[in-house]
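Okay, so here's just one chain, in structure tokens, the form predicted alone.
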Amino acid sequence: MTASNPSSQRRVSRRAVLGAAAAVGAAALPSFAQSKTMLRISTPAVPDDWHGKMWTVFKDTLDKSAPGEFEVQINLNASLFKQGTEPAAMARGNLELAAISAQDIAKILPEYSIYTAGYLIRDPDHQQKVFNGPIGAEMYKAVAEKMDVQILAIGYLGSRQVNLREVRSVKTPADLKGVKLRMPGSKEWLFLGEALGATPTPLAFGEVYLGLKTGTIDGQDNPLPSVRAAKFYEVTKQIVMTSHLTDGIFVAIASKSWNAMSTAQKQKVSAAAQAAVAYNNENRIKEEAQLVDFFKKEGLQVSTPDVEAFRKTVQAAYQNSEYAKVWPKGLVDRINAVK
């Protein structure tokens, strides 16, 4: 038997150690290369609502266009952040994506309370043309500078209608006098309720059904899909088709997250946002068209007032308000001129 050579054994040991280290390093490389950009989404939307479902379209689109690059986490039912607190969370870096409202923006940029005004945006088509054109570009730039969020797209939330507990003849705003109309709690929403001729009554959305059932409130306003989703038709008898606000939600991403992305990633995230709102808009518009018949079958009276009388009264209330004093000069005319 030949004696083993100590120096040879040391060389073999060194090669084994180096080989093992190389193997460990190689095994570690894929996990490093595959580290994903986290995109947490917070929304108050319920799973069955189109602007809840649209986030799945966003995720699926991004997974296809940028496989392995992003980790998209969807948090519905305001389970991550309460509605209205998302912009602050994004500015702090605690949240990447959310759908924010014009009311949220107006809290920081009062001049944009113009987009909370009744009868300004005419319909979904007008909404898209306004915000996808020069007017929208100006607004989005200001939001990025003042709020540290980047708006990617606007989704149609629906045209808000008045939904009443008891049937009454409603032709003009004067016919809503004394009606306790539930509105969200912010001053912008309450002003709109007052402009409609009603007595605006703040109440959390989750309390509206019981409020209608018990008579704490006489009515509420929401887009028709929301009326069905929340089953308000079970405790009301009439829908008045005032169409007083073409509501929208802005898909927004934290500037910190946006600025950390490559140009290619920004393009993919933006395209995913556009795909999401296109899905939402198409289905919401289709559903709205079908819901009048649904509510009639459920026994509700659906009536159409003198919409022009409502429009004149509401617009006059805004033009004579404190809100209008901070609106950019000429912006109302520019919005009205968009065809």
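Here the structure is a predicted model, which is why all the values come from computation and not from measurement. Residue numbers run from 1 along the displayed sequence.
Beyond the structure shown, there is the form predicted together with a small molecule, which is absent from this document and is the topic of what follows.
Undergrad: Does the trio Y112, T246 and I335 actually contact the small molecule in the model of the complex, every residue with a heavy atom within 4.5 Å?
TA: Verified in the model of the complex; spot residues all out of contact, no.
Undergrad: Taking 4.5 angstroms as the heavy atom distance cut-off, pick the stretch from 134 to 142, 251 to 259, 112 to 120, 184 to 192 that is near the small molecule in the model of the complex.
TA: One stretch meets the cut-off, namely 184 to 192.
Undergrad: Exactly one residue in Q73, Q238, Q83, T172 has a non-hydrogen atom within 4.5 Å of the small molecule in the model of the complex; which is it?
TA: Among Q73, Q238, Q83, T172, a heavy atom within 4.5 Å of the small molecule in the model of the complex occurs only for Q83.
Undergrad: Have a look at L97, L224, L157, A153 for me and say which one sits with a heavy atom within 4.5 Å of the small molecule in the model of the complex.
TA: None of the other options qualify; the answer is L157.
Undergrad: Might P44 be said to contact the small molecule in the model of the complex, defining contact as any heavy atom within 4.5 Å?
TA: Heavy-atom contact with the small molecule at 4.5 Å: present for P44.
Undergrad: At 4.5 Å between heavy atoms, is R40 in contact with the small molecule in the model of the complex?
TA: No, R40 sits far enough from the small molecule in the model of the complex that none of its heavy atoms falls within 4.5 Å.
Undergrad: Residue-level contact is defined here as any heavy atom of the residue lying within 4.5 Å of the small molecule in the model of the complex; does Y209 satisfy this criterion?
TA: The answer is no: Y209 has no heavy atom within 4.5 Å of the small molecule.
Undergrad: Would F205 sit within 4.5 Å of the small molecule in the model of the complex, counting heavy atoms only?
TA: The answer is yes: F205 has a heavy atom within 4.5 Å of the small molecule.
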